[in-house]
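Next up, structure tokens for two forms of one chain, structure 1 and then structure 2.
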Structure 1
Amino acid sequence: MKNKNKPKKMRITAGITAVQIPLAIWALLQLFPIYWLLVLSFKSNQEIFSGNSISLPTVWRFENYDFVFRNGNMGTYLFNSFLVTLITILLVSTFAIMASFAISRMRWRLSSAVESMFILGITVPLHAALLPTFLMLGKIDLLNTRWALILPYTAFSLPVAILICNGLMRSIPRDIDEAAFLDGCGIFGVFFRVIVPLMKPAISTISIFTFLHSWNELLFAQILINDKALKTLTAGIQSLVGEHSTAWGPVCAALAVASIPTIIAYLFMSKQVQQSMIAGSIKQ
């Protein structure tokens, strides 16, 4: 029996190896830009353009990081990005769960129409809404404030967030709602005590997507904010690029600093994101 099973085990092992090798190569290709960015962030312009920018620096220039924090206002840009992103995530998560609860768990005539209206928001190009957004924010005196970014970021993140929440919320059995009502919970009790705790995977997914969108967005941040003290990371890093010459070492250092929160956020919430992605496809 052992001899008969050995070829089968060898085939299984060979099959697993054949899958793992391409995945490992793909992972290395994905990690290479991060390595390249980190290497460039410790170099001078002369070494970057010497023809071998991939190699490790001959002299590690830690002063590039010191420069972006002392002279490049990196601390201010980080704070502004964190504040705008955090408020956006809170608003998107709150509104998405509330809207999905009304659409998926409550019976009313226009629920399908309202859901379609929200989902249609996915088809609206971000750039097409720039001019109307600029004019509307100007009329209500919100240009050059943090709310000039928070409100558009929230509006453009809501359609995808509601789509994710709807998928997970519809997979939750309605028997749970009925049991909560029998125990004396009202509509708000069911929402806060039953539904919201079960929506943690969706909240994690929404947080990741909203974080990536708000943290990396450049066009709105450049046009809607002029005050240097209110600029976010993307617009702030863009300002480090000079008109006639640019110190690319500090620019890469700033990009490396800006990438760290994104990597940390995904590492901490990747499991919840995966759970949310498959939750809607599992029939309970």
Structure 2
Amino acid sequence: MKNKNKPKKMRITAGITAVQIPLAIWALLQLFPIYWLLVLSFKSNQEIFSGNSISLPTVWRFENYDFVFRNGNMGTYLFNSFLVTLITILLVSTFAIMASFAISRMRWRLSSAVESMFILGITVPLHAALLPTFLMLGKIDLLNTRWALILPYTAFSLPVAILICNGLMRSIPRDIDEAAFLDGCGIFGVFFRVIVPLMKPAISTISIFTFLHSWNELLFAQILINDKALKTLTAGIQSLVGEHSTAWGPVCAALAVASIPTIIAYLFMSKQVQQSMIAGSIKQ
């Protein structure tokens, strides 16, 4: 018996190493640059350029972080990104649930045509709208305001959000509406008391997904806002890097400030974040 088992066991161990090695190498390739960024953010140029670039800093220079908040405007950028993202999430969730209710639960002739129109919007790239949006916002004096980002971000997140809501809303049995109607609820009663409370999973998916999109967006952020006091993180980093390009420590500290909140939040709810990021794509 023992002899019979041995080769099998050996094969399994060899198999485990064979799959673990590529996985471990890729994990290292993914984590090492991030580790490198973090150690650089605590070093002075002198230390980096004198050859100690990959090991831990000899002196932990927290002043790099102090510098990017004091002279690099990072606090403002963080706040702007936070505000823009938060309002975008609120608008997208509210409008998507409302539209999805009309499309997937109410009865009217053009509902499927309207649904296809929204879904077609998923394919339209942001770039296609850039110049007209820029000119239009200029005309109505919204250029260089937070709305210049919030409104386009809302528009471009809506199609996927509506798709996600439709999926969930169609899975709610119709009898529930009927029961509520019999209890004397109007259409708004059904919407607010029955449907909205059931949409929580969709809201969390939409929030995560919209967060990542607007938090990380660069093109619109860079063109539609010029005012340093209103810039969001991505565009802010761009101007910070432009001004302090030779100061590696502070630049890396700024990059770390922009990413660490997202990474920490992600580590706490990685499963949910992953599901949200793929929710929209799988349904296409």
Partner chain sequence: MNKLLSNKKAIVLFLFPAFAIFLTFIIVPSSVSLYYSLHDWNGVGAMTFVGIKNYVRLFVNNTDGFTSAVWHAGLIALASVFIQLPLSFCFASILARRVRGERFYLTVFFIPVIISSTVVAQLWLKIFNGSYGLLNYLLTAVGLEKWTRAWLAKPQTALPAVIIPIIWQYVGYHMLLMYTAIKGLSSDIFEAARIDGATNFQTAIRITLPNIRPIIRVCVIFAVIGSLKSYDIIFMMTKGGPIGATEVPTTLMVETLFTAQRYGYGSAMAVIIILLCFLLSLLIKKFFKVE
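Rigid core: the largest C-alpha set superposing within 1.5 Å between the two forms. All values derive from a computational prediction rather than experimental measurement. All residue numbers here refer to structure 1's sequence, counted from 1.
Engineer: Deciding between structure 1 and structure 2, tell me which is the form predicted alone.
Structural biologist: The chain shown as structure 1 is the form predicted alone.
Engineer: Comparing between structure 1 and structure 2 on the rigid core: C-alpha of Leu218 shifted by 2 Å or more?
Structural biologist: Result for Leu218: no, shift under 2 Å.
Engineer: Superpose the two forms on their rigid core, then report whether the C-alpha of Lys231 is displaced by 2 angstroms or more between structure 1 and structure 2.
Structural biologist: Shift of 2 Å or more: no.
Engineer: Mind pulling the C-alpha shift for Pro22 between structure 1 and structure 2, with the rigid core superposed, in Å?
Structural biologist: Displacement of the alpha carbon, after core fit: 7.6 Å.
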